[in-house]
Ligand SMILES: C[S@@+](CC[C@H](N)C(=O)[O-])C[C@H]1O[C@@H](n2cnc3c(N)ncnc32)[C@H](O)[C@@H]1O
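First comes one chain, alone, set out as structure tokens in the form predicted alone.
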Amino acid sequence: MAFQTAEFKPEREPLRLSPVESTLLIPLAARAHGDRLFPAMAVHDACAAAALARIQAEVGCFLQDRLSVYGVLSRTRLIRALAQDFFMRHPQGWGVNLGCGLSAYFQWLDKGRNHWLDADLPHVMQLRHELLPLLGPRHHQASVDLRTPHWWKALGLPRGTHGRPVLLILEGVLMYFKADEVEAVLREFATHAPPGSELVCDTLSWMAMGSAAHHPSVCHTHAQFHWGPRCLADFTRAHPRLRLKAEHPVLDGYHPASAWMCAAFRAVWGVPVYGLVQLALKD
């Protein structure tokens, strides 16, 4: 495959990101260095270490938060597996990573006929263009603000009954949105996505709202948690097409105590303390 590479500058200015944009450093650091911390959970990211080396950012504080490093690796493996399954069923479908940061899922998910779109805020996409190559003609990039209306059409994504199914990934995104913004994103997906489309997002319990300063990684970014589900129906009430397909644990394998804690929390409160939710459409 011929690679379309970005034009790299020999030197770049120190990284300047907003608080929410800065959270992209957490998964980037985990994918760049997490394999040596958790060899059994290794993701073998060929892009993360090189990108991290060029942006002149100190990420040692994120690597000290071993639970979050494990969570990123576990989440990456889960999303990758769910996407592999999706493209087995829809070999010409679209994968769309909204709020992509510097994640590079298409390195694992190019199946020869599918398309992939990475999209984020303009400043992040400018940085991404400097650091990460496009992996061929079916790999696309775009700028998007999910808080603006009609972003599905603006991105040129498949629509309607005969459109190609879309796998929409929202990783480390919705917990930084407010409730009405989350509902609008879910409604936009359900309104326009073709039959067979799915949405995968990570979810942080509502109890975390307003407490990002106590999170051992997010506290260094000064971002804040604004939303978390109080019940799983919060993911489907935005539109009658939405249905909950599956819920996937992320942190259970870190330690027996975390497995017990996660299961107990889920049993008492009805939502995961942290996990992945997979939505499908009623068609």
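One rule holds for the numbers: they count along the sequence shown, beginning at 1. The structure displayed is predicted, hence computed values, not measured ones.
Just so it is clear, the following notes concern the form predicted in complex with the named molecule, a form of the same protein that is not shown.
173 is the sole member of 173, 157, 127, 117 with a non-hydrogen atom within 4.5 Å of the named molecule in the predicted complex. Between the options 208, 146, 82, 131, the residue in contact with the named molecule in the predicted complex by a heavy atom within 4.5 angstroms is 146. Here the chain stands alone, but in the predicted complex its contact with the named molecule, taken as any heavy atom within 4.5 Å, falls in 96-104 among 96-104, 160-168, 191-199, 132-140.
The named molecule in the predicted complex is not approached by residue 262, whose heavy atoms all lie more than 4.5 angstroms from it.
Interface residue remark: residue 177 is counted as part of the site for the named molecule in the predicted complex, having a heavy atom within 4.5 Å. The named molecule is not drawn, but in the predicted complex it has no heavy atom within 4.5 Å of residue 228. The closest non-hydrogen atom of residue 273 lies beyond 4.5 Å of the named molecule in the predicted complex. With contact defined as any non-hydrogen atom lying within 4.5 angstroms of the named molecule in the predicted complex, the contacting residues in 21-55 are 21, 23, 24, 27, 31, given in sequence order.
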